[in-house]
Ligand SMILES: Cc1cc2nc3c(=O)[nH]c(=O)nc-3n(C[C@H](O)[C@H](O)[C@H](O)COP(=O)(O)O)c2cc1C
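What follows is a single chain, given as structure tokens, in the form predicted alone.
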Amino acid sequence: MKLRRCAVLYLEPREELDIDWAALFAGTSTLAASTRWLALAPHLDREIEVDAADLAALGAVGASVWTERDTVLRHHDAAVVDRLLGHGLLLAQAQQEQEQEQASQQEQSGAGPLDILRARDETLRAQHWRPLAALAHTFSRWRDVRSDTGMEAPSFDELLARHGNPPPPVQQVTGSAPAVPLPAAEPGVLDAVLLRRYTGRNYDTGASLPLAVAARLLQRTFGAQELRHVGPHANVLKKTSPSGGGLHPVEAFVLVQRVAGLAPGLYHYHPLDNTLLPLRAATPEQAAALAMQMVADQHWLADAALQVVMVGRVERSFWKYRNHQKAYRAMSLDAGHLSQTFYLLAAEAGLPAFITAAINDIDIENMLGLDHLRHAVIAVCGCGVATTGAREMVELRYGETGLGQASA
């Protein structure tokens, strides 16, 4: 058997403080610190505590070249090696090396534990993740975070009481010369929409969106406005938002709660066909529960009529930006660009919108059948009719240009 270390591995010395009761009664220092070493490996998706013997063995085995097990056992105990193999920090070479696609299929086919762990590592390697980005992506995801399990939503008054005044809203910078006054902003054609854009936190659960409004939001935000051929078998999409490398790796998965003509449930939006593919049917009550689960009990967002999960296709972005320091950041920025376009289109229709990254990523992955090494759940945006009625939704007239005009 040959061994190698997993592709991405970080070791964290985590210090924990506790009360030293003996010291307390002796009248000396009351705090005691203890340190644990934790192994963080994105392909495993969990923290693993390791000891000094584990650290020594991990440092002796490379992540690229396979090493004979007997060679490793000359310097390290077999029990240590077996423990690291069981955790997936060390990996065992397959009897017959297979292509990446076969390894991926093997992961689903009831293979043994060591084969599954090796296949997960091969999946990570094949996506060309930057190691730090893979680590941050994997271990910043939430599972089942709710209002009673860690989802905090303190008011501004509570924050002031807890932390004192925030830093000032504007940073004061010392310049090399006096500040240059700028002329007042001239009115422009975008003002009517820009100044109506706002984040909604009170949605009318009795109001539905017209299908034409939902369709325009999806097509003009996530839809392809043009398909451009850049090679014999290579195409890029042109959308209304910019994208790193022109790759547009962000997919839109839609949770419908209240859209006229659409059954509640989960859908995938196809940017070329302009279609919604049903993935999971739901009753109105089930759709509402899914929304609450997705946005971690943020009920002020969960009541929106339409939610869109923005999911980055890692293979699409990292095809160009392989092991790149900025690739993950660029993919996150893509979602931000899309959300602002979504906001403006919602404002055009007289609707409040929202975006949140405080989401249960792992639960969403399970809902949609996604692998976090291949797909990065980035954020959820959505919109609906406000409960106050202060902002009226407008009807849309579609002209020959297809860009639409808003009328009250």
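Keep in mind the model is a prediction, meaning the values are calculated, not measured. Heads up: residue numbers just count along the shown sequence, starting at 1.
Unshown form predicted in complex with the ligand; subsequent notes refer to it.
- Taking non-hydrogen atoms only, T71 never approaches the ligand to within 4.5 angstroms in the predicted complex.
- At the 4.5 Å threshold, heavy atoms of A358 reach the ligand in the predicted complex.
- Contact check for L301: a heavy atom falls within 4.5 Å of the ligand in the predicted complex.
- The ligand is not shown here, but in the predicted complex it comes within 4.5 Å of a heavy atom of Y198.
- Figure note: of the listed segments 198-206, 219-227, 115-123, 308-316, the one touching the ligand in the predicted complex, with heavy atoms no more than 4.5 Å away, is 198-206.
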